[in-house]
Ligand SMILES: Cc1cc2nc3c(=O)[nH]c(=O)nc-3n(C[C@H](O)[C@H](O)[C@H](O)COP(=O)(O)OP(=O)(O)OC[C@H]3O[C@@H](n4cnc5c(N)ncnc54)[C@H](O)[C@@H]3O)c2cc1C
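In the block that follows, a single chain appears as structure tokens, in the form predicted on its own.
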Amino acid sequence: MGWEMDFQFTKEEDKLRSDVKSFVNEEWDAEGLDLWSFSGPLPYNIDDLYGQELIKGFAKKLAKKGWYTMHWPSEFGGQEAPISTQLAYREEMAYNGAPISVGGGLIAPVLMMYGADWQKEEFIPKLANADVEFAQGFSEPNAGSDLANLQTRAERDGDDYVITGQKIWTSAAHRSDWYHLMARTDPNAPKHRGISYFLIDLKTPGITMRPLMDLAGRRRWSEVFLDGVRVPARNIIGEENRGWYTAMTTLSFERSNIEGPAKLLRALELFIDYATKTKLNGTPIIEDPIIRHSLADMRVRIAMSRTLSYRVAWMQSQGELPVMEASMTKLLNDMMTKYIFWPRMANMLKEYGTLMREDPKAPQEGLFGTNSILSFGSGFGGGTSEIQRNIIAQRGLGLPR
């Protein structure tokens, strides 16, 4: 691979950035900043109907603009936007605090590649128009990083599969319509085999959920129990016992992490603005030389991370598969999220840096304190930091398992 990378955007892509910024400022409630990011205050509980409706309404506006599925193949109604265009769009959306930028989530590419005709006809138009929401049923109490250790069983019974088991850390299951879930259909096969991939209507009898809260008291996840859940056999995605390989398509679309540096940059700029206007013990925070050096260090780190994300996008545009590099962006951004919010920003504000949004004395409505607490969860979701290091070591450096 050559190292002559061109990070310049076209005039059309620069205009898209400007259009995105204006659109977000006009169409997204400024008080409803991204419930899942570190880019602003967290005014709504993710369980609130008002917050849910805001997000769904905004997604429909994106669909109407044609941005929601710009990355999709034209065969499925997309624009086949170049990687550089997608990068410009997603980065600008993330920086401006929009809650969602692209449609289809992790399930759309799987259905496009492996779905039966009826599955494509039923779900892809709904995904394109933000009319349906899927939750991902992968992790289990003993199958997180070692996902192939999953024990949820699916047994064939006539025209159905009967599924029994437990899933955990399911993001937004309580406000989703469907589940895309992996279950073991051949318990005697090696653990990476004998797994099948299913579509499940979350209203199906036998499904119950228990809320899992984050450190800010928001319900971000659910523990999902499946007790004899009957699923039509036609709901399997791809081939029986080949679900692991189908699911890897899902995971390969999960780790580009272009939005990470944009959100951290926005948070840093908000902090600098606050530190410029605010005094601590009678002295403007920004005048402390140690703090100024620390802020400069954070800015350099974010620029480094952003450049690495650009490199991943450039490699994709060249038809390469940046497996190691994508893991590097994931690992680096998870590490930086904890580093920037805690100990850096929180410590700069002394005791005030630990106050969360419910406290009337919390700086910036609890932006820094709340996200300092939430940042401790970085490095777990979407593949742990240990898994990313293993990928870098094995696939990048050629080290043995």
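Keep in mind that what you see is a predicted model, and the values were worked out from it rather than measured. Residue indices: 1-based, along the sequence shown.
In what follows, reference is made to the form predicted in complex with this ligand, a form of this protein that is not presented.
Peer 1: Considering this ligand in the model of the complex, find the one stretch among 116 to 124, 205 to 213, 136 to 144, 226 to 234 with heavy atoms no farther than 4.5 Å from it.
Peer 2: That would be 136 to 144.
Peer 1: Would Phe9 count as a contact of this ligand in the model of the complex, using a 4.5 angstroms cut-off between non-hydrogen atoms?
Peer 2: It does not: once this ligand is placed as it appears in the model of the complex, Phe9 has no heavy atom within 4.5 Å of it.
Peer 1: Classify Trp221 as contacting or not contacting this ligand in the model of the complex by the rule of any non-hydrogen atom within 4.5 angstroms, answering yes or no.
Peer 2: Yes - in the model of the complex, heavy atoms of Trp221 and this ligand come within 4.5 Å of each other.
Peer 1: Tell me, yes or no, whether Leu268 is in contact with this ligand in the model of the complex, where a contact means a heavy atom of each within 4.5 Å.
Peer 2: Contact check for Leu268: no, nothing within 4.5 Å of this ligand in the model of the complex.
Peer 1: Within a 4.5 Å heavy atom cut-off, is Tyr245 in contact with this ligand in the model of the complex?
Peer 2: It does not: once this ligand is placed as it appears in the model of the complex, Tyr245 has no heavy atom within 4.5 Å of it.
Peer 1: Have a look at Tyr274, Trp314, Trp169, Trp178 for me and say which one sits with a heavy atom within 4.5 Å of this ligand in the model of the complex.
Peer 2: Here the answer is residue option Trp169.
Peer 1: Enumerate the residues of 377 to 391 that have a non-hydrogen atom within 4.5 Å of this ligand in the model of the complex, in sequence order, or give none.
Peer 2: In sequence order, Gly377, Phe380, Gly381, Gly382, Thr384, Glu386, Ile387, Asn390 come within 4.5 Å of the partner.
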